[in-house]
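Before any questions on binding or motion, here is one chain by itself as C-alpha cells, the form predicted alone.
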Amino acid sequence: MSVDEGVLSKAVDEGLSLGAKYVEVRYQKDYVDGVTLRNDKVVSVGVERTEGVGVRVLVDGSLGFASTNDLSLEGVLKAVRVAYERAKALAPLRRKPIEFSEERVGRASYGVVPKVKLEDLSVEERIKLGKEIYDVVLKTALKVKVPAYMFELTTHDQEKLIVTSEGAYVRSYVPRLYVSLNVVLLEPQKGTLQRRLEYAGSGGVEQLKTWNISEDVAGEIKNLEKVLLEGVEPPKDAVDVVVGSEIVGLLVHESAGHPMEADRILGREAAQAGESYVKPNMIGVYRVGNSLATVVEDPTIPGSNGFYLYDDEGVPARPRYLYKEGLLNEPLHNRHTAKIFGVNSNAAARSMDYASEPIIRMSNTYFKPGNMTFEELLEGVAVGVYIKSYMEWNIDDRRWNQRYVGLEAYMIRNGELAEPVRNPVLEITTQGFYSNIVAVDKNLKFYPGTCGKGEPAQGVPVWFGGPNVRISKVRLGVIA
C-alpha cells in the first residue's frame, strides 16, 4: 500500500476537528492491464493505474465528497477540507438533513489469494491465448465465414483501506481476471449472427483452466452455425418458453436488481440511470410474481466477479433477498437510505475508484434455482421454444417493459429439443415474467458484466445468473 495508514487516521481527526459529524476516508488502488486482438492481429496493449484517497464528510445534514491522488499528509488533509467546505455550502439547500443508520461496522482485513498471480501472465501469453482461440473459431466454422473476431483479456488488481470516524477499519485485496470474445458468423444467403462471450471472476490465472474457453467457444460456433443455416421462425401461437440461464441472469439484473436499488426507488437516479416501478410503500406487500420467483443478491460468493465482504461504508456484507417468493422483499441499501426506510444497511455501497463516491450498487444477482433437471423442465411441453442465449435486449427506465432477442434457440417437441429457431423475440413485462413461471431447474450458472450507474458514470464488476426457467403460454415475436 502506497499510503501511510497514519495519514488516513489523521484525515479522520481533521474532519472531526472541523465539525463534521461523520468522516470516511478510503484509500483505493486499481491496477488494470489488458490486451486486445482483432482476428489474429494485436490492436492494443494497455496499462491503467489509478491510486488515491476519497473522502466523505457529513456536515449539518449534508454530505460532501472530495478526492486526491496526492497521498502526502497535506494532500489528503486538503481533500478533507474541500469535502467539508462542499458539505457546508450545500447544507442550507437541503430540505431534509441526511442521516445515517446505526451500524456495527467492521474491523477486518481480507483478500482473495490467487493460486497463480495475475502479474505472472505475460503479454506474450495473453496474445497467444487470443490467437489460439481464433484458430479454434476458424477450424470450427465449416460452412460459414468469420468476418470479424475480437479478443480482450484484462487483469485487475484492486486494493482498499477504509477508515471512518465510527471505528471502521477494513483492508481488502481482490484480483480479477476478465476475458471477452466477439465473433461474427456470415452466410451470404442467410445473413449474420454475432456472439459475445464473457468470462470473469475474482482470483488468479488459474481461472483460465476452469473456464476452458476453447472448448466452450467451439461448442458455441458449432451450434450457432446450425442456427444460422437451418433456423426456422418461432411458432405464432402462444407456447411455453424455456428461458435459458443467460437470459434469466440478465433479466433479474435489470428487472429486479436495478428497480430494487433504494436510491433509485427514492428518485435519485431518475435523471441518471433511470427510474423504478417500485415505491417505498410497496416493499413487503406488492406481489410481482408467484411463489417460484425469488431473486437473491449476494456479494459474499467466493470467486465471484462482484465479490466483497464489507462495503465502502465498512458495513459487513450478506445475501439480500430482493424478491422473495414473488413479493418485493428487501431493497439494496446504504446507510443513508436505510435510515429513511427505518432498517439497517445491507452493505450495498460501492465505488468504482478512489475518485468516485460510494453509491448503491449490485454485486452478484441471481434467480434462486429449483430442484428439477433440465430434462424434467422440458417434460410435458408438447410444443414450445427454448431460448438459450440472447443477441440483443432492452428495458424501459422504470424496469417494467423488456425485450430479449434470442440467439441460440430450439423448438421443443414432446419434451425434446428439436430444430433450431432463428431470432425469437421475448417481449414481456416484469410482472408478466415472474407471474408466469411454472418450473425452475437446478442448473445455476453465472455470467459476468460491468454494471453502469451514477453521474459521473461508474462501472463496477458484477455477476448475474440463474437456472433455466419455464414460463407458460407466451406469444413470441420474430425479427427479419
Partner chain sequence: MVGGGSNMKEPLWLAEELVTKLKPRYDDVAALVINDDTAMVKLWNTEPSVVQSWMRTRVGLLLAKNRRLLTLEISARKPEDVLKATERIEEIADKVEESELYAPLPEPEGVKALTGMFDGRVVEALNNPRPYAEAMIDSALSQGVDRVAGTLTLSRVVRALATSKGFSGMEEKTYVEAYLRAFKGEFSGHWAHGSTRLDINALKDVGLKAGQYATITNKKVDFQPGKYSVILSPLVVGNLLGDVAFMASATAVLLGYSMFMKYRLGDVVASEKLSMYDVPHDTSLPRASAFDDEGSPTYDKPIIENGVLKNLLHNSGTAAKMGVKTTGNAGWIFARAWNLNIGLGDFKEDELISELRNGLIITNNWYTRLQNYVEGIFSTVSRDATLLVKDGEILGDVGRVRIASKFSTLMKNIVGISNKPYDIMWWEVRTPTRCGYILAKDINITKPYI
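Model, not experiment: these values are computed from the prediction. Numbering follows the first chain given and starts at 1.
Below: the form predicted together with the partner chain, not depicted.
Within 4.5 Å of some heavy atom of the partner chain in the model of the complex lies at least one heavy atom of residue 67.
Interface membership of residue 93, defined by any non-hydrogen atom within 4.5 Å of the partner chain in the model of the complex, is confirmed. Under a 4.5 angstroms non-hydrogen atom cutoff, the partner chain in the model of the complex has residue 38 among its neighbouring residues. Put simply, residue 205 is far from the partner chain in the model of the complex: not one heavy atom of it is within 4.5 Å.
Heavy atoms within 4.5 Å of the partner chain in the model of the complex are found in one stretch of 296 to 304, 374 to 382, 281 to 289, 126 to 134, which is 126 to 134.
Note on contacts: among 405, 217, 309, 327, the single residue with a heavy atom within 4.5 Å of the partner chain in the model of the complex is 405. Contact with the partner chain in the model of the complex, judged by any heavy atom within 4.5 Å, is made by just one of 99, 396, 74, 102: 396. Not one of 19, 117 and 346 places a heavy atom within 4.5 Å of the partner chain in the model of the complex. Although the partner chain is not shown here, in the model of the complex the stretch 176 to 201 places heavy atoms of 182, 184, 191, 192, 193, 194, 196 within 4.5 Å of it, in sequence order.
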